[in-house]
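Next up: just one chain, as structure tokens, the form predicted on its own.
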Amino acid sequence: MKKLIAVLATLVALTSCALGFAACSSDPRPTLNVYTNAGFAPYEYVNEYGEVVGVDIDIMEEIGEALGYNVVINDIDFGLIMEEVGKNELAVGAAGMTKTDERDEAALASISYAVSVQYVIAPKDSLDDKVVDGKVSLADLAGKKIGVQEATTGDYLVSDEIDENGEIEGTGVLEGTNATKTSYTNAIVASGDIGANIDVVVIDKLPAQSIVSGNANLECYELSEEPEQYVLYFNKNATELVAKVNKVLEKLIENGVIDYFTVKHSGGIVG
């Protein structure tokens, strides 16, 4: 009877796996949890099949293959990524994340794998008279309702210039101009609100270009700000993992693989 019960239990378990009733996996590799926010094309976005894809996802798949990890993608709020990375040594933040001193204090950064600058998305032709040498300045956004993706470089940049936290009075170029900032979960949602509740969106270059390429009523302009470095962020205790990942990233950069991923997911748009 015990043998019969054991056989039946095994059959039930196998059936549950087949039907998706249980979290069953035959992958013997350790799991590397990747935390991202899929509203930042071409680095991470949801395709027509409902899958999270993008440059960062392809990079992480390559890293998993090279180092023997089962890569699991977790699509969460951008502002929660660093918190999740801090909980697990086998976790990584891969979301077009700019290297900053604040993040470096909380986690370990990989080598830089991409460079970006900040762009502003606006209604077509609305900032043409402000363009100098192909760029506009943050001061040109005086008095505007500015949308940003929460916890991104654009978010912090606009906050500083409005002096949202009242830290150094009179130093922000947007301070006292009635400029305001509204945060959104991602740049796609933010840009959809242009003309309704906001005037413009400040976001990284490739996401800006990606959004504008699908909307004839919008245009994007480079902001005259310093370039920023994209890195992956890891748990503070994952020193050995970061060293291994850096070696893989070096090869991907050297062989032009990341450039290929960028063109692949941006429809030919290159940095």
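Heads up: residue numbers just count along the shown sequence, starting at 1. Since this is a predicted model, take the numbers as computed values, not measurements.
This protein has a second form, the form predicted together with glutamine (GLN), left out of what is shown; the following refers to that one.
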Does every residue of F78, G96 and D204 put a non-hydrogen atom within 4.5 angstroms of glutamine (GLN) in the predicted complex? yes
From the candidate stretches 191-199, 84-92, 121-129, 144-152, select the single one in contact with glutamine (GLN) in the predicted complex, where contact means a heavy atom within 4.5 Å. 144-152
Decide whether K135 counts as a contact residue for glutamine (GLN) in the predicted complex under a heavy atom distance cut-off of 4.5 Å. no
Taking heavy atoms and a 4.5 Å cut-off, does Y69 contact glutamine (GLN) in the predicted complex? no
Is F234 one of the residues lying within 4.5 Å of glutamine (GLN) in the predicted complex, judged by heavy atom distances? no
4.5 Å heavy atom contact, R103 and glutamine (GLN) in the predicted complex: yes
Glutamine (GLN) in the predicted complex has a heavy atom of only one listed residue within 4.5 Å, and of Y45, Y221, Y35, Y230 that residue is Y230
